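Given next, in structure tokens, is a single chain: the form predicted on its own.
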């Protein structure tokens, strides 16, 4: 139909009906979809960056119990925030979340701005995350593409195509957006995309932006996570103790420790390393 008629009103309505029909029957339920507030949306969207929704669902509830609002998170010791974050990986997001909370309190009187461009000035918030925050927290029309949404549009509007770029998808996202309920529409798109991942796994590779994720096991990312975990458990450790516990090349450990210090994760005092 799209090939013959383009993005006619009939095509848009048919597309929306297909997506909503699936969502009505198979839509997923998560705590972060029920407990909607600007703060909760920021937490969940930062957690969902490169982490599966099922893992996020459990950690999200634990995190907001420990830090229920921007003020509590801004005031919390970094050590406590990092400890609450353990299990989600990509610990830079925990650093960014605390910095975001501090910025909201100090620069915006505790009120999250409902503006994509303003949010993009916040730590580790790019266009997609800023757009999703505004859409989910405020139900305001925004336009973005993430992996599941991308899969849906490639399936419906680019059949048989490969190396599909997001700049070709975004104009269709704009024209097909349900502006009467932005939040529900994006939830429905994402859930349909998750279904397509199972039934049409090849769709992901048809995007020009597809990149195969590097292995976690044995990676520098895994070693970084293990160092932080050990320091959270032991308060402080000497470099020789870390070498023994991690069974790691001393030169590689030294490089990673230097980076963690530079990034503000840890500190060094008299050859003792601890969380910053």
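Residue numbers count along the first chain shown, from 1. This one's a predicted model, so the numbers in the text were calculated from it and none came from an experiment.
Same protein, other form: the form predicted in complex with the DNA, not shown, and the subject of what follows.
Contact check for residue 165: a non-hydrogen atom falls within 4.5 Å of the DNA in the predicted complex.
Using a 4.5 Å cutoff between non-hydrogen atoms, residue 98 does not count as a contact of the DNA in the predicted complex.
Proximity of residue 153 to the DNA in the predicted complex: non-hydrogen atoms within 4.5 Å are absent; the residue sits far from the partner. By the criterion of a heavy atom within 4.5 Å, residue 73 is excluded from the residues contacting the DNA in the predicted complex.
Here the marked residues 10, 24 and 171 all miss the DNA in the predicted complex; none has a heavy atom within 4.5 angstroms.
Here is the short version: of 122, 136, 192, 185, the single residue with a heavy atom within 4.5 Å of the DNA in the predicted complex is 122. In plain terms, the part of the chain that comes close to the DNA in the predicted complex, with a heavy atom within 4.5 Å, is 42-50 out of 28-36, 242-250, 42-50, 61-69. Of the residues in 89-109, those that come within 4.5 Å of the DNA in the predicted complex through at least one heavy atom are, in sequence order, 89, 90, 91, 92.
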